[in-house]
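Below you will find one chain, with nothing else, as structure tokens; this is the form predicted alone, and questions on how it binds or moves follow later.
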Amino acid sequence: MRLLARISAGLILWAFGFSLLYALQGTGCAYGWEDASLFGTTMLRWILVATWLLLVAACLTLLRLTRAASSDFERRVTLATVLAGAGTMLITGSPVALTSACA
């Protein structure tokens, strides 16, 4: 069971992060966080970008933890899924920094 959890950790983190960013965006748009200005940009943008960067840092932490794998097979598969999760986290999270949140 632990092997399965380690192997799927990167993709689970991505799914959690994607859902969290989506929920924060919806909440921020509903409660008007887009209208509040903070250091030259909106409060919603700061919250979304900070959350996204924390999620990317968590993916990088998972990358470091792949060294603790007990076998070569586990290490390779875990590394592949963590890299897939980190890559998708970068790609699917980048719109929070590049586009407007509420349309």
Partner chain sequence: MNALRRHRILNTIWGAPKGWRGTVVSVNHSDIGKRFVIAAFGFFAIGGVLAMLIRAQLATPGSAFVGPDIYNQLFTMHGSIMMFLFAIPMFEGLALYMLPKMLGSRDMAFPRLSAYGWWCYLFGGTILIASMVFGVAPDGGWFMYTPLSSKAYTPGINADVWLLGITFVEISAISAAIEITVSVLKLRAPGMRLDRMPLFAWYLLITALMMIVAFPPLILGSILLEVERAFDWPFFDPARGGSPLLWQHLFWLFGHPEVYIIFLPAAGVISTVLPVLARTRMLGYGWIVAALLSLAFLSFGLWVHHMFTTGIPHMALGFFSAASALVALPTAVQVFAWIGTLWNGRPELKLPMLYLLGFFVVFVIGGMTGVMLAMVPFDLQAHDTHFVVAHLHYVLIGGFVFPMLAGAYYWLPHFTGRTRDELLGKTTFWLIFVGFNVTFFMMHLTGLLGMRRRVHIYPEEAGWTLLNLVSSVGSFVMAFGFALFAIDVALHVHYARRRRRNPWTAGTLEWAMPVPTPAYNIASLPTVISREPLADAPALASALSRGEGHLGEPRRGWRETMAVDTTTGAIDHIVVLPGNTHLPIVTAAATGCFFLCLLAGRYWLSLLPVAGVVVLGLRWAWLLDWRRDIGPLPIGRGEVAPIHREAAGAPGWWGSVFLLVADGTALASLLFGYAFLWVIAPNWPPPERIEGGLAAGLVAAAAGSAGTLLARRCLADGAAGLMEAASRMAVAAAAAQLVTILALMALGVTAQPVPQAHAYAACSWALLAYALLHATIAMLCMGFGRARIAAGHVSPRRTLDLRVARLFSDYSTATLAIVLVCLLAPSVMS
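Given the structure is predicted, the values throughout are model-derived calculations rather than measurements. Residue numbers count along the first chain shown, from 1.
The following text describes the form predicted together with the partner chain, which does not appear among the structures shown.
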Worksheet item: Any of the heavy atoms of Thr51 lying within 4.5 Å of the partner chain in the predicted bound form?
Response: no
Discussion item. How about Gly26 - does it come within 4.5 Å of the partner chain in the predicted bound form, if we only consider non-hydrogen atoms?
Written reply: yes
Worksheet item: Using 4.5 Å between non-hydrogen atoms, is Phe39 touching the partner chain in the predicted bound form?
Response: no
Worksheet item: Using heavy atoms and a 4.5 Å limit, would one call Ala57 a contact residue for the partner chain in the predicted bound form?
Response: no
Practice prompt. Any residue of 72-103 with a heavy atom within 4.5 Å of the partner chain in the predicted bound form counts; write them all down in order.
Written response: Phe73, Arg76, Val77, Ala80, Thr81, Ala84, Thr88, Ile91, Thr92, Gly93, Pro95, Val96, Thr99, Ser100, Ala101, Cys102, Ala103
